[in-house]
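Read the single chain below, which is given as structure tokens and is the form predicted on its own.
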Amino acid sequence: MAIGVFDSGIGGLSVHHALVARLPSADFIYLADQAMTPYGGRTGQEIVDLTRAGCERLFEAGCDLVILACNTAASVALRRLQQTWLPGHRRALGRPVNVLGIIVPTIEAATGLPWEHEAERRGDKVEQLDVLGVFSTPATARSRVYEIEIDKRRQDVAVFSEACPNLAHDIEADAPEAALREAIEGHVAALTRRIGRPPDRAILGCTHYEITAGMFRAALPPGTPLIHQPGATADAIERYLTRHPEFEPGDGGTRLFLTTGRPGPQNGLVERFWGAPLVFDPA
């Protein structure tokens, strides 16, 4: 069997890259829903339907485990699919399958605490707040998943989200680097104005943004720590596979890249990030 990695486009390659490095002998199938990207401006029901269709395609291709390498899909669709669709689909397939996301590993990395931990509610005032900035798509920002879940675990962390409406689309479309840099600088400045000062740390809450991590570092004050979703996700998936031997990742080192959009070579920014040319086959 294989591990499936799903994203609305090329951003999930940042997570896929980390997973391949961590599990080099495993078989991977990457699916980009480029015909419908970006997801960030879509309705909740559209995101759920598109994410379910992507998972179905990867299960059909032989994947037992699918990783939603898309913050929008993970924040809006994952819990609903796990609760209302996945149990019946497991029965229909007659084998164990599961869908996991990147939100949980990111929050564990941001808080330094396991997902199961919930902070005791205390009435005394927190003297020193750790200000965490989250750059994300509008749909992820609307979900408030980072604000809600981090607050459950750490009362000394204040989360501020900055929605970046067109950034994922521009990265997907291979926009000029100067235009991307200007957009990122604008979003960092907007978040800084809203907080009243720069954030102490930042999450790049869209996997597309990881491809431009260097531009975010340049726009933020020197030394601002970035919480990287790809590494956190690779750590979590490696632990998950150890706990769940029923999910066999394969051992042939297969790398298959599929797209619902235009097959063929992908854009130059992504190829520089990946370190080699990438050719997608039609899904």
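When you see a residue number, it is the position in the sequence shown, counting from 1. Since the model is a prediction, treat every value here as computed from it, not as a measurement.
Heads up, the form predicted together with ligand DGL isn't pictured, but that's what we're talking about next.
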Any of the heavy atoms of Gly54 lying within 4.5 Å of ligand DGL in the predicted complex?
no
Indicate whether Thr37 is a 4.5 Å heavy atom neighbour of ligand DGL in the predicted complex.
yes
So, in the predicted complex, is Thr137 in contact with ligand DGL at a 4.5 angstroms heavy atom limit?
yes
Would Thr207 sit within 4.5 Å of ligand DGL in the predicted complex, counting heavy atoms only?
yes
Name the stretch: of 68-76, 82-90, 176-184, 112-120, exactly one has residues whose heavy atoms fall within 4.5 Å of ligand DGL in the predicted complex.
68-76
Which residues from 150-177 come close to ligand DGL in the predicted complex, meaning a heavy atom within 4.5 Å?
Ala168
